[in-house]
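For this one, two forms of the same chain are given in structure tokens, first as structure 1 and then as structure 2.
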Structure 1
């Protein structure tokens, strides 16, 4: 067990090193620097620009910068986010919990809803319930997320005032509210962005889960369960679902990066400053310490998510012993 963890850790470390290096190299080719906007003024002489570049070591040759940066990174120093005028750690510490909350909520809600939809569809396979839900999930997968977000923001937020248009919490004396009121306020602000993402997740999960359930429903042990005299819901819940949910969980782990990618636009539209938006802004600002850090965090998250989902998937559905050798 310890050896496996060690292997996993080493594997992750190698992945991170590769990712960090490639991002660093890539950023060297990108035109511009983090101060472009700051130094874009008629009264900024070239000498100031040179000073700024020197301050952040941008005037060093790339190889030396790479070595310095690599050493610092290995020590766990993520550096300074020049475009944000904050240490990278602070930026990440600020944005990461928000993304985790958003993506986590979307994931849980979407997963639960998706599984539930799939169960309903399987129960009523090839009847109208199945078809209607199938059409809904199809649309949910096919419509671009950013459009859903815009529509939700425009109508549910701006037009009908059901949810806040954007933001991470209410203004005014919200800071002085009791904890539960602040939680409700947070949930209320989270509703639209998390809802849009959850819709996308639910659609994908439902489609995969339905296919997986139908696959399992053809297995012999389902016939055994029916021969025992179990009702259809029991057969589905007790026998089919536990055997069909593993791959869907594993798939969800794989799909996490794309969810984060979709979250970029959703975060942007709902003014939810999380990692996606941070990374996007950092990319545009050529703030490579921040880009590298954000990508590393995303990579680590993805790896962790995959490890966790794989573990869950394994625990939920232990690999069946393969017949002969």
Structure 2
């Protein structure tokens, strides 16, 4: 167990080092720097530009900057976000919980909905219900998240006024509301961005779960359960689903990077102040330390999610073996 954890830790460290180095190198080829917009005006003296670039090490050769940056990163120092005028750690600590709330809600809702859709499709295999739900999940997989977000914002927000179109909470004196009102207000603002991401997750989960269920339904223990007089829903829920859900759980770990990538544009569209919005603004401002930190956080989330889902899938695997006997 200790050896496995050590391998996981080393694997995570290597991935983060490769990703961080790649992002740093790519940033060196990007034009400008964090102060290009503010300091390249005709009224700014050259001495002021040189002073600011020297203060943040932007006048050093790329190799020396990379060495200094690597040493600081190894010490846990992520640098200073010039575009936010805050340390990068403070910016990440402020934005990360909101992204975790958004992505976590989308994963839970999408996984539950996807499994339920797959159960319905399997129960009505090759009937019109299966075909209609299959077409819907295919659309959910094919249409990009940002397009779904624009449609949802236009119709459910701007036109029908069912949900707010932007932000994380109501303006005005919302800070003085009771806790339960603030929770309802947060859920109201969370509904559209989380619903868009959950729809994409549910579509992928449903298609994989349906295939896994159909494979299990041909096993001998399913015929035995039917011979005992169990109804079709009981056979699906109590016997087929526990033995077919392991690969789908592992799929969530692989789907998280694409979900986080989709969250960047979804957060931007809905004005959700999370890591996606932070990364988008940092790219526009050429805030290299903040860009590297945001990519590193996304990488860590993907690796941790893959580790957790693999562990859960391995825990489910013995149930499959037991059920198949």
Partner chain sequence: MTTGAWHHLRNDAGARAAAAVLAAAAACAVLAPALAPYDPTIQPDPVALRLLAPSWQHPLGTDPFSRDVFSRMLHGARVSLGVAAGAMLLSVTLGTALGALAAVMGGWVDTAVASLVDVLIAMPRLLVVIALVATFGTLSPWWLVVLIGGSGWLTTARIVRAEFRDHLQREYVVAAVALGASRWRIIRRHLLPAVAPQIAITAALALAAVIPLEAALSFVGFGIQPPLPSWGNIILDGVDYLTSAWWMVVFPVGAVTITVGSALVLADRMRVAVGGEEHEP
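We call the rigid core whatever largest set of C-alpha positions still superposes within 1.5 Å between the two forms. Numbering follows the first chain given and starts at 1. These figures come from a predicted structure and were not determined experimentally.
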property: Matching structure (the form predicted alone), either 1 or 2; result: 2
property: Rigid core superposition, residue 259 Cα moves 2 angstroms or more between structures 1 and 2; result: no
property: Core superposition between structures 1 and 2, C-alpha change of residue 285 at least 2 Å; result: yes
